[in-house]
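Here we start with a single chain on its own, the form predicted on its own, put down as structure tokens.
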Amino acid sequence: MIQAVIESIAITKSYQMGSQQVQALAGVDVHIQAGEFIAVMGPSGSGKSTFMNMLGCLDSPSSGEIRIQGENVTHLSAAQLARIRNRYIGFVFQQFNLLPRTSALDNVMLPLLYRPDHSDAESFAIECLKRVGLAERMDHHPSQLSGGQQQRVAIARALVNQPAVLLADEPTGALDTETGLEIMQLFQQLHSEGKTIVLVTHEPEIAAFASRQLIFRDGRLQSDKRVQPASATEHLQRYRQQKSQEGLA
């Protein structure tokens, strides 16, 4: 059996809210192989965000195990988890989380500053900005960039450590339709290059671009299915054609 990049083994998560105990996850088993593009879906309160936090080592399960590259990371200290995140996980968030007074290049370089040897940080960061189509914008600050360009900077920052997996939490949630399709086109391109991507979304239209869909409800994995992904490039072309026709009408 091929070793999973990330796996959850019978994980549960409970929170104490006043006198009431709330179970956010109830025995979830998921194995994610290298090169998969997975969409995690479910209504608010379904457990999908808690599950993402577990995979990203931002929180620990109440019981069960999280394994990354075969290593059990469930009971590591906060400092050890930070090193695991920096080594294996690239994060992309809905609100970009860029430093406002720092250039795109410096934002992308930031994760590399925690490496013992970061002498080649700038060349790595430049390469990642080229990869997301922002070679001409690396000296611009976030306020000088569009929302889509800011999200591309965030994706470049997530790629710079060459992580085992990209975790994207509602990455198109703050973008308009066309820009969101452009970002999904980029994710599909990265996936075609072999990147492992796990994306949380509440939009079926966005989940349709992944090749595997995990659907959560009431803290349980309700469905795990492989699908034929839609093409973001084709959807983007159709959307632009429609806009062009509406403009001529």
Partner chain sequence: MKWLLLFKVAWVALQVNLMRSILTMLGIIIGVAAVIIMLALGAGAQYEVDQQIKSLGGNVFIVFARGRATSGARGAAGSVQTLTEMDAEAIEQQIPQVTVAAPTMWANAQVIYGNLNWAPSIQGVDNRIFSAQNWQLNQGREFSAAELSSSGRVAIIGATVQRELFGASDPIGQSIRVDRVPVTVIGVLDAKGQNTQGNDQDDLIFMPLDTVRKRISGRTLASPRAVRSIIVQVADERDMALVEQELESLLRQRLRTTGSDDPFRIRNLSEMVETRARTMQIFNGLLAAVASVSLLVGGIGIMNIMLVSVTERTREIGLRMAVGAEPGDIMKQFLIEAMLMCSLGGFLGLSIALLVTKGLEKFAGFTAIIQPEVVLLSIGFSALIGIFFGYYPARKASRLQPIDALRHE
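Quick caveat: nothing in here was measured; it's all calculated off a predicted structure. Numbering follows the first chain given and starts at 1.
This protein has a second form, the form predicted in complex with its partner chain, left out of what is shown; the following refers to that one.
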Ok, 213, 53, 46, 188: which has a heavy atom sitting within 4.5 Å of its partner chain in the predicted bound form? 53
The listed residue (174, 99, 76, 135) that reaches within 4.5 Å of its partner chain in the predicted bound form by any heavy atom is 99
Does residue 131 reach its partner chain in the predicted bound form if we count a contact as any heavy atom within 4.5 Å? no
At 4.5 Å between heavy atoms, is residue 162 in contact with its partner chain in the predicted bound form? no
Report whether the minimum heavy atom distance between residue 124 and its partner chain in the predicted bound form is within 4.5 Å. no
Closest heavy atom of residue 146 to its partner chain in the predicted bound form, within 4.5 Å or not? no
So if I measure heavy atom distances to its partner chain in the predicted bound form, which of the stretches 216 to 224, 54 to 62, 25 to 33, 178 to 186 falls within 4.5 Å? 54 to 62
Looking in the predicted bound form, the residues of 87 to 109 with a heavy atom no more than 4.5 Å from its partner chain, listed in order, are 91, 93, 95, 97, 99, 101, 106
